[in-house]
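In structure tokens, one chain follows: the form predicted alone.
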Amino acid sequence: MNNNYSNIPILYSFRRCPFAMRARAALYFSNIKVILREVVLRNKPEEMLQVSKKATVPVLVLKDCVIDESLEIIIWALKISDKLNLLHPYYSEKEKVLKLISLIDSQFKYHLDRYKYSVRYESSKNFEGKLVHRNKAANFLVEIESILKKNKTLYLYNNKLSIVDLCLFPLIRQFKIADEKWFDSNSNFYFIHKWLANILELDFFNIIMKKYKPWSATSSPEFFANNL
């Protein structure tokens, strides 16, 4: 890499990956400039595999370390710069916040994958059927719906965009687009509909969803920052 860029972090990303989406969102709000390398998941670059044994995006390569967990990337970025105080719930109710994020990242995501990508799992021993997994995933949204209903706000914490919204919206967006007609017509998600629609209309979403050409070792650097 050109020495002029040696101090700029490198982010291995995939545009539609929900975990990469929220990492890019945190980098956007922290205004940290990175070199973005768009990965083709069926042909992962050797350079990424060498720095992260996990072999999935996002992977953030810093001068002195590698961060390959999206939540860790978010916290790292926002601790550097957090003008909107997005980390406030993480500081004030850390255990509660991490528990909710973990629930969506693990149990909700488990059923989401088997609903949205059911063909991949049909031969799996634990596959219960596309609609069963859809309904089980939906059950995990009850708490989110209740928080929004109770607070009567467009955000999950203190009527302000926060780390909670940034972590959850990409996965719930995936759940929505698996069957938009069913999701949009489901009255059990009334407040989630409004919450998600609001987030997807914010300026940052179009920036983090910009399309980049797949990266290769011969590619010129492409930069990601919130002032694009």
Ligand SMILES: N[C@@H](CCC(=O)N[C@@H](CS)C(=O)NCC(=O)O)C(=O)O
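All residue numbers are counted from 1 along the displayed sequence. No experiment lies behind these values; they were computed from the predicted model shown.
There is another form of the same protein, the form predicted in complex with this ligand; it is not shown, and what comes next is about it.
Judged against this ligand in the predicted bound form with a 4.5 angstroms heavy atom cut-off, the residues Cys17, Val57 and Ser70 are in contact without exception. Using a 4.5 Å cutoff between non-hydrogen atoms, Leu41 counts as a contact of this ligand in the predicted bound form. For this ligand in the predicted bound form, the listed stretch (185 to 193, 61 to 69, 162 to 170, 198 to 206) containing residues with heavy atoms inside 4.5 Å is 61 to 69. Using a 4.5 Å cut-off on any heavy atom, none of the residues of 121 to 158 reaches this ligand in the predicted bound form.
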